[in-house]
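One chain comes next, on its own, written out as structure tokens in the form predicted alone.
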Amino acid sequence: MTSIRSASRDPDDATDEREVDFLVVGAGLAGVSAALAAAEAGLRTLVLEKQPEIGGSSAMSGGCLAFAGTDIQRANGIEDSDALLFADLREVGRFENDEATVRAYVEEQLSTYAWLRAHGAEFGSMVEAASGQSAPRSHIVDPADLVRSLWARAKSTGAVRLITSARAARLCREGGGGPVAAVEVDGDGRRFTVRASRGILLASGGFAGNPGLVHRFAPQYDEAQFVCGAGSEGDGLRMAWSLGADFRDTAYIKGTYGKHPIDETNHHACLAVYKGAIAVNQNGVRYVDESISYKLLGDACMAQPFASTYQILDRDILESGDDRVRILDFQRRLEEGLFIEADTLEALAEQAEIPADALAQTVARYNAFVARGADDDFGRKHLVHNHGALRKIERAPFYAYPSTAVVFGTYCGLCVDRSMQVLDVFGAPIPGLLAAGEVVGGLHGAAYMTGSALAKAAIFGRIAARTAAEGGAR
């Protein structure tokens, strides 16, 4: 885990009640982005972080942000647009996502990219196509550095304070039924109250670290691997739930395909399938269209024997990896001994303990599909979503990457409107309460586009801060 330390003391820590303009719960990318944007709008802002360090799950992520129409794309000859981004998000989400939430993301994404660049974000010079993308739009950044940079900018304004090791415990409404106006906080061995006159933002992340909530919404993942920030326990979700907040996408909690089943040194998925590999189960046969979202690939993997499969590739596919992108850094995983390697498919199958004849027949059948441009078994047409030409698996040596599904985040949560106000079960805004980042539902729907989770943290954090500055949270 990448961690970012910060001081835990607050100038007003001797008081049992304090007041600010804007209160942010959670110091991941969503919370830090919101705090900086709020400070730029002139709001006195306090950020509460449950952990001793800021960063949360954001700092542990793969560092991909999905933007369309950027200067980096143009420099690489990539044509992309708001319209294509919107269409991809809706399609990969199988139209189960909320159209208004998707539009909010799309309409604010390019200005957020420029805003991040202006505040010191250092994106790589190349972009890659990944899950759900019809054009390469994964903009790569060191996520811990990004949070650190934004926090330094926020702190330098003099308008933002931070308290770490402070857990938000309860939301408080004025008069018991009025706007959300305060938060009860447990920290430093006592409970105190923070009042916020312009709104309270829940940027508290998901609940992949809460087995009880995972079982409630997705019992099929009880035995899955989980990798997330230590604070991802659903605090914000439950606090809003107690006020009647509505949820989106809880039926679509999914694991990410490509995690090595036994390796504990590299928590990130490996997606060789998006460069041309195929996925086979313990019987040596394909079971899925490998170009679909890696969330859907995760579901398919969990349904296979032992919930463990293999990505099969050749030397050309291995060499097409990109060491700047964690999910495509094949060479590093090869050096770490995570790939099984052999000069023939039969020898590869023997090492992987799968039927040699079956694997050889599967690869030969797939290569024939590639040659004539039609995958009769699963209808695969591209490397990933609607991008990239299929490639044969034929040049030795051959490789197998053992793969299962891992839950990095829950990607579901509170219903919000376009201004990031939390909505109750009747579709009405809960006055004073905003949400941003992983705690928000509605963007992803049934699956997931690479980079949309980290990008939505910054995008929705900025929108929430603007809403608070304009008084819309009340």
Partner chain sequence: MKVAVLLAGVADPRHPLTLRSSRPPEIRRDNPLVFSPFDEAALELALKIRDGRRDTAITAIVAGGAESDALVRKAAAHRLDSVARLESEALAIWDVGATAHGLAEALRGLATRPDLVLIGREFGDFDDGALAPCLAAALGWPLFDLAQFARWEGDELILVRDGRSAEERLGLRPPWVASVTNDRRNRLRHPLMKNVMEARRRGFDVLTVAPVVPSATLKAVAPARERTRREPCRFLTGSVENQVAELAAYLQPWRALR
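All values derive from a computational prediction rather than experimental measurement. Numbering follows the first chain given and starts at 1.
From this point on, the text means the form predicted together with its partner chain, which you will not see here.
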query: Exercise: V285 in contact with its partner chain in the model of the complex, heavy atom 4.5 Å; finding: no
query: Any non-hydrogen atom of A144 within 4.5 angstroms of its partner chain in the model of the complex; finding: no
query: Touches its partner chain in the model of the complex: G337 (any heavy atom, 4.5 Å); finding: yes
query: Interface membership of A352, its partner chain in the model of the complex, 4.5 Å heavy atom rule; finding: yes
query: Candidate stretches 160-168, 305-313, 376-384, 97-105, one within 4.5 Å of its partner chain in the model of the complex by heavy atom; finding: 305-313
query: The single option of H260, K155, R326, R248 touching its partner chain in the model of the complex, heavy atom within 4.5 Å; finding: H260
query: Heavy atom within 4.5 Å of its partner chain in the model of the complex - residue from E264, D222, E319, D71; finding: E264
